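Here's a solo chain for you in structure tokens, the form predicted alone.
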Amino acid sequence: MLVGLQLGEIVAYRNEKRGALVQNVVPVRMLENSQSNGGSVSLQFHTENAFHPNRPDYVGLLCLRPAHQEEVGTYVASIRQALPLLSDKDRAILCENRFITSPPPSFRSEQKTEPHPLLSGDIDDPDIRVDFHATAALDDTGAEAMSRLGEALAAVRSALHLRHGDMVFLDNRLVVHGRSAFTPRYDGTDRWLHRVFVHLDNRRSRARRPGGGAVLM
């Protein structure tokens, strides 16, 4: 919390972990096959809460207990590193409103997004907004460009093997993240992270924060 507050304001989402500002990320029985922080299958690359108009600017992770399997890691990939691997044509397509993103089941009140680009801002240094599980292209041209974006991100990905006490903050505007698959034991010794979300400009989300609090609807 203290490190996150040096970057901006800590926020949470009412429909995610019941609005907890500091969230427990652990494998959950019955969610093992889900594309969620409670799952244990391979978690595809995504921007955190890509569907949401007020998605986090930063995602902070603190490792309380590492996985018992050494190969389990958090994968990260930066669009700044992947961009040179994309053609000018693909960059242009990815900057067009050709994609929609669905919310996760926990956000039942939310609808699919309006068509949006996967890359936005300066074409030479764009922000990225994508969830390779929940984002779909509206046409074949967009789907092909999105596939090549995924390949470019995979080519530049790095693995973070967090150990006890390790902390990392991911720039959710520039970096996508995922996780390798693992086999939980559900015996109280599984991988355990704490997670926080940070907004740089809290006024952008004021309309969704009843009473001016930290939890978004």
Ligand SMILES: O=C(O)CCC(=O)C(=O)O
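Numbers follow the displayed sequence, beginning with 1. Not measured: the values here are computed from a predicted model.
Heads up, the form predicted together with the ligand isn't pictured, but that's what we're talking about next.
Examine Leu43 and determine whether its closest non-hydrogen atom to the ligand in the predicted complex is within 4.5 angstroms.
-> So Leu43 counts as contacting the ligand.
Evaluate Leu61 for contact with the ligand in the predicted complex, applying a 4.5 angstroms cut-off between non-hydrogen atoms, and reply yes or no.
-> Contact with the ligand, yes.
The ligand contact at Arg148 in the predicted complex, heavy atom, 4.5 Å = Contact check for Arg148: no, nothing within 4.5 Å of the ligand in the predicted complex.
Could you tell me if His199 has a non-hydrogen atom within 4.5 Å of the ligand in the predicted complex?
-> No, His199 is distant from the partner.
Asp57, Leu83 and Arg173: each with a heavy atom within 4.5 Å of the ligand in the predicted complex?
-> No, none of Asp57, Leu83 and Arg173 comes within 4.5 Å of the ligand in the predicted complex.
Let me know which residues along 15-49 have a heavy atom within 4.5 Å of the ligand in the predicted complex, or say none if there are none.
-> Those in contact are Val25, Asn37, Leu43, His46, Glu48.
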